[in-house]
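Two separate entries follow, structure 1 and structure 2, each one form of the same protein chain as structure tokens.
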Structure 1
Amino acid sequence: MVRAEPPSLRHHINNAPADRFFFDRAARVGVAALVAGTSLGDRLAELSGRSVLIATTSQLTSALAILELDGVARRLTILPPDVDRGHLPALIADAEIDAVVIDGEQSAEFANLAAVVACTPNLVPVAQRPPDRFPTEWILLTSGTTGVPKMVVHSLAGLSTAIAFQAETEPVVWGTFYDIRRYGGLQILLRAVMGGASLVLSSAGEPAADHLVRLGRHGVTHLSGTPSHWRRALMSPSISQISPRYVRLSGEIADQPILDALRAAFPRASIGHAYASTEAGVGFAVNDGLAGFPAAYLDGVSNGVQMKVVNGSLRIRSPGNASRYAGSRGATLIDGDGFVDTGDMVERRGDRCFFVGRKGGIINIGGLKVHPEEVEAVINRHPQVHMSLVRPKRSPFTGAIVIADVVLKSPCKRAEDESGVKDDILKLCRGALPRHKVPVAISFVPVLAVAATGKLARRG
């Protein structure tokens, strides 16, 4: 099933309510200004038909460049801020990039490109825009790789295939803990633009508490992030500044404790978790308040999406699938039947399916397999646990053992209290997990690192 290419994002901006805005910490840009002006000075026409790299430092300027160049550029490659700059030559070659949009000083990295264009939130009037002549290709970079990231080719039709809108009686203000230069954040940018909503973006180096205060000040109504994003937000007293009516989780396994915690924090909100990946697109959404997803989702086709489990790994065929990888490094994205292997491992329990971890993230304990996420889901059930990270530690006998770093909701005041909580967590694990999956040691830590993708930073 192939979806017809929708109108460019410029069409949606031209038809959006004039009182909608795009915000970051330092600036705001109104829809009315976007209709009449340009963030690219007098150089927009130079980018028509080119393969353009968006390499701005701020999310706001990235968003502005995307809005102006869809339909104008032949190809847009969106560079996340955490990409190893040493990989730029390979990325530029694979995507056939001949122009770049920046928002700072020109770098020698781009000296050989035909056009280097500056983007600014200080819009200037534009007399005439280049016509929308191209069904722009969108290239997103994968995460979680130690080498050159794979470059995933999408179309606007594919990226927006899962976006549907309900009638709203009040204005919508979207916010996201994601970076819009990754798949999850880009989905929120598209939802805001296509739905005529405002959008509040985070800024580099902005403390989570300050971001929450800004979200509250701008009246955020719809807010998305990974479970790790949400766990960190719930730890902040500034969480009281927001009262969204729609809460969305994706990007990691949404276990029952985080769903229950969000229900307690926002009792009047609609709370849902969605499955999506850069390669497979959006698979489905779950809105019943429960972890996992109904096994019935694997039967038949829903909204053009078909799913199956092969050797424990979820595979998806849908109009939202990426079409291919850019470049010539030989990776295959879609199998002979049109399915994308997501690499996410699924286990069926009764009439429900649960994600248990990544295919490449297994800990090997003397030949027995352990998914860290499966153990974390059990640890997180403990009422005093806020979040956890399970990881391997080398062992001369079994190759590895399982250990866990745990953040408590409030620190223990006495050593005996700490020991008691550890014993309770281990008892919980022993009651729910096979012996080889039970952590050998538990450490209490003040925080857990979260990667730029919003996911727990897992050690290689």
Structure 2
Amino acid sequence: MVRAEPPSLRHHINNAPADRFFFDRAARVGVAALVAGTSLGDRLAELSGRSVLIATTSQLTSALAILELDGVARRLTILPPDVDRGHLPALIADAEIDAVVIDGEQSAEFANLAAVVACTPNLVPVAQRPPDRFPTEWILLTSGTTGVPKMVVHSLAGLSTAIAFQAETEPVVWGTFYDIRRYGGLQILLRAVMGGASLVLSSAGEPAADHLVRLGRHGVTHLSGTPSHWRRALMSPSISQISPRYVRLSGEIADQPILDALRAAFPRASIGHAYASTEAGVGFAVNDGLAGFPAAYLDGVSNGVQMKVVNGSLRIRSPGNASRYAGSRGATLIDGDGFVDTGDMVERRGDRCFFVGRKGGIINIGGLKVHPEEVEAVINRHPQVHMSLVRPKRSPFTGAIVIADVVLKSPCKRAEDESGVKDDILKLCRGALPRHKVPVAISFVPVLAVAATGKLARRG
């Protein structure tokens, strides 16, 4: 039996009203114009059946290429803007990439590919669009802290499982602070395309305040970002330019202060925080304005999503789960019971569950990840340091900051010596680590707890 595949993404724009647009700072593309026009010049056909890397600098051209190539390309790998270019050869090999879409200068990494195609927001009439032949494989990259990012394989059907359609009485204008080339941002591109909405994207290097002003000018109604993005927006005078009716948070823990601050800033908006990960897909959305999620979510199956907590870590089984990692570097993505371990640690308090951090203690500083061990290794290089423990401290501005507890080999006799050693340690850290990893405060402590495993006790 042949399984019916959902139509390609482009199918959703066939009936787009004439007043729906994709915007960035420099350009505006009519969604309906993409039915008869192409952003890929006369070279669209060359990409048919290929494994295509989308490596444009702008989000707008990435969005256009994604829209035109789903169903046409065999595989689409979406390159986020902040990936180290040094990883490209490994990514190209692992995803068997043989073509690339760019919007700037041709670069040497792509010299051996069969096709290098330019994408532009200046559409030209398409001579003949290649027929849809494939349920295209979508590959998204994880935001790892070190090493080559993992390549996570999805399908359009899986990526869109959490997208439900509500009848909207007024036109919807989506905006996202979150880059559409990451899982959380891609959800917004798909919502806009499938819901027949306009979409306002930021341009590379555009100041956040300018983006807010443009969101206001285009009358954004639905706006999404991480708690860090929102904290930053709330500190901008330009926040008064927008009045969305739906405010969405995802990608980081949404704590009560940020939810309350958004409620105060947008009293009439519906405010929701969603849980999703690149590997597990969308888990759930919470719309009651409270941090955490109802513990009852762990009991049943909702929208095909089943969740459980194993050793404190949230596991999700869902049609939105990625299927596997591409290439050979990835570990097993789905466990024997069909669940994806998210690595996000959950604690139950009464009838509510709260996210308390990452497995392995990874600290998230405004979207940048820190392994405590790498900071401890630097601190421990100081000749007077016996051992150290790096941990997060809550910050309303970045979610968390890094602080360190340090045990010295012998205690300092005078307060001046103590502050001298602190300065020395900080100097060492500043010389060896990017600034978000440098501890903001160092406390000298007599002893650090060691767990039965012989490892530093990191939590509790």
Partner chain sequence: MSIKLTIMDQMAQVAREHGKTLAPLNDDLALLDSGLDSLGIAVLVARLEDRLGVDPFTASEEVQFPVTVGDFVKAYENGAR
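In this text, all values refer to a predicted model and were calculated from it rather than measured experimentally. We call the rigid core whatever largest set of C-alpha positions still superposes within 1.5 Å between the two forms. Numbering for residues begins at 1 and runs along the sequence of structure 1.
*Asks:* Assuming the other structure does not fit, state which one is the form predicted alone.
*Replies:* It is the first structure that is the form predicted alone.
*Asks:* If the two forms are fitted on the core, does residue 417 show a Cα displacement reaching 2 angstroms between the two structures?
*Replies:* Shift at residue 417: 2 Å or more after core fit.
*Asks:* Rigid core aligned, does the Cα position of residue 179 differ by 2 Å or more between the two structures?
*Replies:* No.
*Asks:* Degrees only, no decimals: how far does the smaller rigid part twist against the larger one between the two structures?
*Replies:* 176 degrees, smaller rigid part against the larger.
*Asks:* For residue 444, tell me the Cα shift between the two structures once the rigid core is superposed, in Å to one decimal.
*Replies:* That residue's C-alpha sits 19.7 Å away in the other form.
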